[in-house]
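As structure tokens, one chain now follows by itself in the form predicted on its own.
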Amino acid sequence: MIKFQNVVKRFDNFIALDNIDLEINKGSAYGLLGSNGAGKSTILRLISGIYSAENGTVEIDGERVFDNAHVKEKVFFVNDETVQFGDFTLDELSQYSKMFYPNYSDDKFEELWEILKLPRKNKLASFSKGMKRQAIVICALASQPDYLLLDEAFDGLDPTMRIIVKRMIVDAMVDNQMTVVISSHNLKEIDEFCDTVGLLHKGKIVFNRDLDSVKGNVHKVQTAFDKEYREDDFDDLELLHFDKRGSVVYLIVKGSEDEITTKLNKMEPKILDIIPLSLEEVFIYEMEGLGYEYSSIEG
């Protein structure tokens, strides 16, 4: 398990993480959501031991991470930036990774290389962004870590290669009970890949739940009434968004479907339809509820 307890991380006067508590269960695929600057990459760097927290504790399997080589052997961080490996060839990167990961498997490296067939003697600086990402993922999976951290992991990959790399990661999760933590602006990928998600905003955790409950707790409602209703008339509901077009009212509401239906039926609607939301829509409306303008939300 990855556990954050009362964690604060500052950069000069900027508070990147503000007293957060977070648990990521072993064997899960966990997605980090949030706008730019929300603290997603900071969390990954704390898990990998690159950063230390000013306050609180960051632990993996009950041990503190920072300055702990034993724990770091369990974690492989695939950074969004790959420039630090530019002078390595793929074979050199493999040998370099083997120095730090005692479970490194040459056989697994060869197996994965046979799938991707990347050049082995060329410097990574000559690779495209997608090829660099593939090279590092090969070495990450050959290292057989307990925890794989991916910052914008599939950025630069074409659609076919995205599918191939995802399958490689899923196979490693199944074979090794590996935990994967992904930060991505591509919400569709998080939706398809992860079973648990956390939403960050200004260094705080807004929610940390399994994906089904996230999507099952926010609903789009289309309804109409004989009488005139304004937004204030729906105070009994936890509204994230209100829109009225003619006689039809569109609502985004937090809560269970049964709870929402029961409350709205008391208002005697002529029509009442509850429509499922995608993870992207849930994210957008949650962020709007926190005061973010739609145009400022990437994803």
Partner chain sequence: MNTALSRVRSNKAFKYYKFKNKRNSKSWIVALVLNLLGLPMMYIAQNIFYSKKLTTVIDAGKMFEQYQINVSIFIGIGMFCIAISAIAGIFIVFSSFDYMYNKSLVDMAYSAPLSGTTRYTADFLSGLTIYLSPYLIGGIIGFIFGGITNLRIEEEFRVIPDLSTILPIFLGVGVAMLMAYALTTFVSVCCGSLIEAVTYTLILNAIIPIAILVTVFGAMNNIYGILQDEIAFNLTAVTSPMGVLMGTIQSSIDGYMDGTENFIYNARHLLPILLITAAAIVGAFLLNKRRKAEDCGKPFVFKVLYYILISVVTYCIITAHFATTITKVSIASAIIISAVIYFILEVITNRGFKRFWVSAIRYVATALVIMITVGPFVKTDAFGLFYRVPDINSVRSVELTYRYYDMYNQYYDNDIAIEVMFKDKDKIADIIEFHEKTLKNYKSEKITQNSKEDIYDFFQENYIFGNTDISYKMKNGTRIRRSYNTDNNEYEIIKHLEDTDEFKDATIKMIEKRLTRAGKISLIDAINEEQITYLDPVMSEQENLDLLSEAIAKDIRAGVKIFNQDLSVKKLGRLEVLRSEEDLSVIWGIDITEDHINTISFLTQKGYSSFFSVGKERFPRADVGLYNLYLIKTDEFIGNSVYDEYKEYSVNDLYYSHITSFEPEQMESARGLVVNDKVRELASNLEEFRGKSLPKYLVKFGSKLFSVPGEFDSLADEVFNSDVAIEVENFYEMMLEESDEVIAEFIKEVTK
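Positions refer to the first chain, counted from 1. None of these values were measured; they are calculated from a predicted model.
Not pictured, yet referred to below: the form predicted together with its partner chain.
Among heavy atoms of Arg45, some come within 4.5 Å of its partner chain in the model of the complex. Using a 4.5 angstroms limit between non-hydrogen atoms, Tyr51 touches its partner chain in the model of the complex. At the 4.5 Å threshold, heavy atoms of Asn79 reach its partner chain in the model of the complex. Remark: Gln84 counts among the residues lining its partner chain in the model of the complex, judged by a heavy atom distance of 4.5 Å or less. Heavy atoms within 4.5 Å of its partner chain in the model of the complex belong, among the stretches 104-112, 209-217, 67-75, 175-183, to residues of 67-75. With respect to its partner chain in the model of the complex, the three residues Lys9, Glu92 and Met99 uniformly fall within 4.5 angstroms at the level of their nearest heavy atom. When its partner chain is considered in the model of the complex, only one residue from Tyr147, Phe127, Phe88, Phe154 comes within 4.5 Å through any heavy atom, namely Phe88. Within 4.5 angstroms of its partner chain in the model of the complex, the stretch 237-260 places no non-hydrogen atom at all.
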